[in-house]
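One chain is shown next in C-alpha cells, namely the form predicted on its own.
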Amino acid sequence: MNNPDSQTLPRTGRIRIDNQARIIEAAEMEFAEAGYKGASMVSIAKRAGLPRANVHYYFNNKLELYNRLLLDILQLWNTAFSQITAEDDPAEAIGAYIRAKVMYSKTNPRASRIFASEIIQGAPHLSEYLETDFRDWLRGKSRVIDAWAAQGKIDPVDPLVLIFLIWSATQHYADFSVQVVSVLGDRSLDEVDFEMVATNLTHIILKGCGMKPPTDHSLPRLAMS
C-alpha cells in the first residue's frame, strides 16, 4: 500500500514508508485470520511480498509488530475525538466522532476485530498502555464532557458511559458483522447503509444526552431482504 506522503521524500525514505505500510497491512490480515498465537513472521512476509529479513529489519519480532498494529488502531480511532475542547459544540464534536467510528467499521473491519480479540483475551499486550496513556486520554475527554454539562450544553451524563456506548455501538458493525449480515438476509452493508447507521446512532445518542440532532425527522432504515 503506497503512502501519498511518501512521494515527497527521498527514494530511501519512500521505500521505508511503503515497505512498512505493506508489512502493517499484511500483519493486519494475518492477525485477523490466525490470531496472535497462530500468526507468524514468515506468513506476514509472504503476504507482504517481502523477504522475511526485510520484515525483521523494520520489526524485530511478532510482538513488536502486533503492538505497533494495536497502537495504530487506537490512534486511528481516537483522532476524531482527541482535539475536543470545552468551547466546542458538543453535538458537532460527538456527532463527528460517531460518524468517524462508524466509517472505521466500514473501512477497517479487520483492525476492529483484532482489537476486540485482544480485549476479550484480557488485553495481555495492551494492559500497560490502557492503564496509563489511554486512561489519561479518557480522563481528558471526561473533563471536557463534564465541562459541557456544567455549561448546560449537554445533560450531566457519565462521560465514561457515554464514550463506552459510542465504542460499542459503532464497533458492532465490524466486530459482529456476521450477525449483521445474517439478520439483513446475507447481504453486506454498503456505503448507503453505513451512512444510515451513522445518522441513526447520532440521532439516538445526541437526544439521549439532551441535545438536538442534526435531523429530527423520519430517519432512514436498514433494509432486510
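Basically, rigid core = biggest C-alpha set you can superpose within 1.5 Å across the two forms. Computed from a predicted structure; not experimentally measured. Start at 1 and count along the sequence shown; that's the residue number.
We do not show the form predicted in complex with another copy of the chain, though everything after this point is about it.
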- Task: Only one of N67, N60, N54, Q179 comes within 4.5 Å of another copy of the chain in the predicted complex by heavy atoms, so just point that one out.
- Result: Q179
- Task: Find the only residue in A26, M41, M196, L50 having a heavy atom within 4.5 Å of another copy of the chain in the predicted complex.
- Result: M196
- in the predicted complex, R22 touching another copy of the chain (heavy atom, 4.5 Å): no
- Is there a non-hydrogen atom of L184 within 4.5 angstroms of a non-hydrogen atom of another copy of the chain in the predicted complex? yes
- Query: Is there a heavy atom of I17 no more than 4.5 Å from a heavy atom of another copy of the chain in the predicted complex?
  - Reply: no
- Is I119 close enough to touch another copy of the chain in the predicted complex, meaning at least one heavy atom pair within 4.5 Å? yes
- Query: What residues in 22-40 sit within 4.5 Å of another copy of the chain in the predicted complex, counting heavy atoms only?
  - Reply: A32, E33, A34, G35, K37, G38
- Item | Rigid core fit then R47 CA moved by 2 Å or more between the shown form and the other one | yes
- Message: Would W77 count as moving between the shown form and the other one, using a Cα shift of 2 angstroms or more after superposing the core as the test?
- Response: yes
- Task: Would you mind telling me if S40 and V178 are closer or farther apart in the predicted complex than in the shown form, C-alpha to C-alpha, with a 3 Å or larger change?
- Result: closer
